[in-house]
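Listed next as structure tokens is one chain, alone, in the form predicted alone.
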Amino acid sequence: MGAPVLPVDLPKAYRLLNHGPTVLVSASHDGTSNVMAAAWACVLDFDPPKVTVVLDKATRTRALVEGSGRFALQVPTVAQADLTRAVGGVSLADDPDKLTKAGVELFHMPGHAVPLVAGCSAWLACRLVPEPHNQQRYDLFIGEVEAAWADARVFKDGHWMFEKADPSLRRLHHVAGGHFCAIGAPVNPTAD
């Protein structure tokens, strides 16, 4: 083996995989709306489409999701790096003006009560699939995607097109400790 290989401390091992797209999780219940950043979200199923996201017990957003049974995942852009870090680093419980200070603009799509964050590249409106054991033990929430939208400048005909879009529209990937990377140029392997 030619490349040097170093051991990774097990408490940091998650960082080897923790560079998927960062998402913003939004929810609303009883007149309160909130947005938080989450790095641990992924696709679970295709038909019907389902996603998972980890929501710590200490987050205000989790309580809103549990109360309303709805949440949205959205994919923030490079232009929203400061906003993403701000909503991920401050709790609504500590600062009721968190969203205003972070520059979050919320909007709604017709027929969907969940608030969405303006300026993202994609939005998924989800219905909570209750799994009390997973939620309590692992902080793992499952959502069935009821509707999805994407910015046509970066997603069209079922494909991301970052190479054709302004770099500020690329998605963010949280590495650790408030450090983000942007998705790079596409790699197209040759087919046999």
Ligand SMILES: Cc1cc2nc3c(=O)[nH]c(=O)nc-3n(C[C@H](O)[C@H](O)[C@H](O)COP(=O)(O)O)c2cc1C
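Residue numbers here begin at 1 and follow the sequence given. Owing to the predicted nature of the structure, the values given are computational and were not obtained by experimental measurement.
Just so you know, the form predicted in complex with the named molecule exists too; it's not on screen, but the next bit is about it.
The partner is absent here, but in the model of the complex a heavy atom of 37, alone among 165, 140, 44, 37, sits within 4.5 Å of the named molecule. Shown without its partner, this chain lists 120, 87, 114, 73 as candidates; in the model of the complex, only 87 has a non-hydrogen atom within 4.5 angstroms of the named molecule. The putative spot formed by 55, 58 and 98 is fully lined by the named molecule in the model of the complex; each residue has a non-hydrogen atom within 4.5 angstroms of it. Put simply, residue 171 is far from the named molecule in the model of the complex: not one heavy atom of it is within 4.5 Å.
Using a 4.5 angstroms limit between non-hydrogen atoms, residue 106 is distant from the named molecule in the model of the complex. Although the partner is absent here, residue 78 lies well away from the named molecule in the model of the complex, with no heavy atom inside 4.5 Å. Contact between residue 92 and the named molecule in the model of the complex is found at the 4.5 Å heavy atom cutoff.
Only one listed stretch (143-151, 157-165, 29-37, 122-130) carries heavy atoms within 4.5 Å of the named molecule in the model of the complex, and that stretch is 29-37.
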